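In structure tokens, one chain follows: the form predicted alone.
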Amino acid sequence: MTRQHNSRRDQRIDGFRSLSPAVWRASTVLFDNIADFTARKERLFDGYTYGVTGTPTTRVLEDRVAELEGAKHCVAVPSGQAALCLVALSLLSAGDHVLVADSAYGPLRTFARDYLERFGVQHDTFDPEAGGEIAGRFKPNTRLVFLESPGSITMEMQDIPAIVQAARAAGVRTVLDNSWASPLGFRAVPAGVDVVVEAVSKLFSGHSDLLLGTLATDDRGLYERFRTTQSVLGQAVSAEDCFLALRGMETLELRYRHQCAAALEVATALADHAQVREVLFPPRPGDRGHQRWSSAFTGGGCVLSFVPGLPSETAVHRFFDALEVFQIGASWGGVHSLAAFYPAAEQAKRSHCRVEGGVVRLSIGVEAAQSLVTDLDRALRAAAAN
């Protein structure tokens, strides 16, 4: 832990010291004189103008995330999806073209198809296992490439360094949803990605009890555009949610290490299970995306998927009914393990999905890995026996 980070944790106000940041709630920001008030827009990017752009509690969170990302700037917004949409609304205009990984977060693909297209922004999806050959998909009006590696359901890995190189050569900006790995698993800004989005709701907060997102960048010009868009669109975040995220981040590294190790143990056990056709987890040696993962990522991840080798979706439903430790729900990164199902018909809607059949996704919490393996084994056997 750096000295800089320690100084942030040690809150000193008028002789009072605390390890916890203060929760500063405010809509109205007061000014010392009318000259400061009339010039308030000048401090939009480096100070406080109105509650919608944040309070000192917000800044502590933004500073902490920027430090983790290895970035100079960060903006907090109400959710990870809000962060993705804010990037697009800040940087795209009618007549532009955007590329979106076919494995990216579903609501982002919907936003591109149903909203950006309506406002004159063209979009295409691309193979989620793409590398430098993506340059062939660029058009003269391509402005952004949205990446998500691995895809959070079917776990395809993009070759991010190759894509970054191709995009920079073409003058196209890259945006990475890094919520699966977090900066503990992949520091995307130092790797050359222009904008990194995190769903703070997941690993950072760690307790499945808040919605929050961040954008991080080294580019001051981009930061100012994002902060301006946040202000104009009223994308305010709660000081209490920022506080909860900061509290969760105090245990982030500890949780991450445990959850990654447990996920690998679960993935390894499932790979040898008679009722499992395929395990999708790039940190596991032998996975189709392992080489790309190991060349750029470290640490692992706590989300994995598998294709069940059960005779029907009815049997898959029996599997979920038999689970005792895993609970049914979306998202990931919390302390409780979750399971979800994405039917084959849903995967078939994608243009580049190489996974055949429905997919079970698991979010590994902080429970003992062996109890999770036992729960999955018992549920799979029960589903196959009926």
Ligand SMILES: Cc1ncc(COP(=O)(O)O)c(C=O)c1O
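Keep in mind the model is a prediction, meaning the values are calculated, not measured. Throughout, we count residues from 1 along the sequence that is shown.
A second form of this protein, the form predicted in complex with the ligand, is not displayed here; the remarks below concern that form.
K.L.:
May I ask you to state whether Glu148 is within 4.5 Å of the ligand in the predicted complex, using heavy atom distances?
P.N.:
Answer yes; at least one heavy atom of Glu148 falls within 4.5 Å of the ligand in the predicted complex.
K.L.:
Could you confirm whether Gln158 comes within 4.5 Å of the ligand in the predicted complex, counting heavy atoms only?
P.N.:
Looking in the predicted complex, residue contacts with the ligand do not include Gln158, since no heavy atom lies within 4.5 Å.
K.L.:
Using heavy atoms and a 4.5 Å limit, would one call Val195 a contact residue for the ligand in the predicted complex?
P.N.:
No.
K.L.:
Taking the ligand as it sits in the predicted complex, is Gln81 in contact with it (heavy atom to heavy atom, 4.5 Å or less)?
P.N.:
Residue-level check for Gln81: yes, a contact with the ligand.
K.L.:
Out of the stretches listed (165 to 173, 227 to 235, 201 to 209, 288 to 296), which one is close to the ligand in the predicted complex, meaning heavy atoms within 4.5 Å?
P.N.:
In the other structure, the partner sits against 201 to 209.
K.L.:
Here the chain is shown alone; which of Ser90, Gln275, Ser152, Thr125 has a heavy atom within 4.5 Å of the ligand in the predicted complex?
P.N.:
That would be Ser152.
K.L.:
From the list Tyr105, Phe186, Tyr256, Tyr223, which entry has a heavy atom within 4.5 Å of the ligand in the predicted complex?
P.N.:
Only one option qualifies, and that one is Tyr105.
K.L.:
Going through 152 to 181, which residues have a heavy atom within 4.5 Å of the ligand in the predicted complex? Please give them in sequence order.
P.N.:
Going through 152 to 181 in order - heavy atoms within 4.5 Å of the ligand in the predicted complex - the hits are Ser152, Asp177, Ser179.
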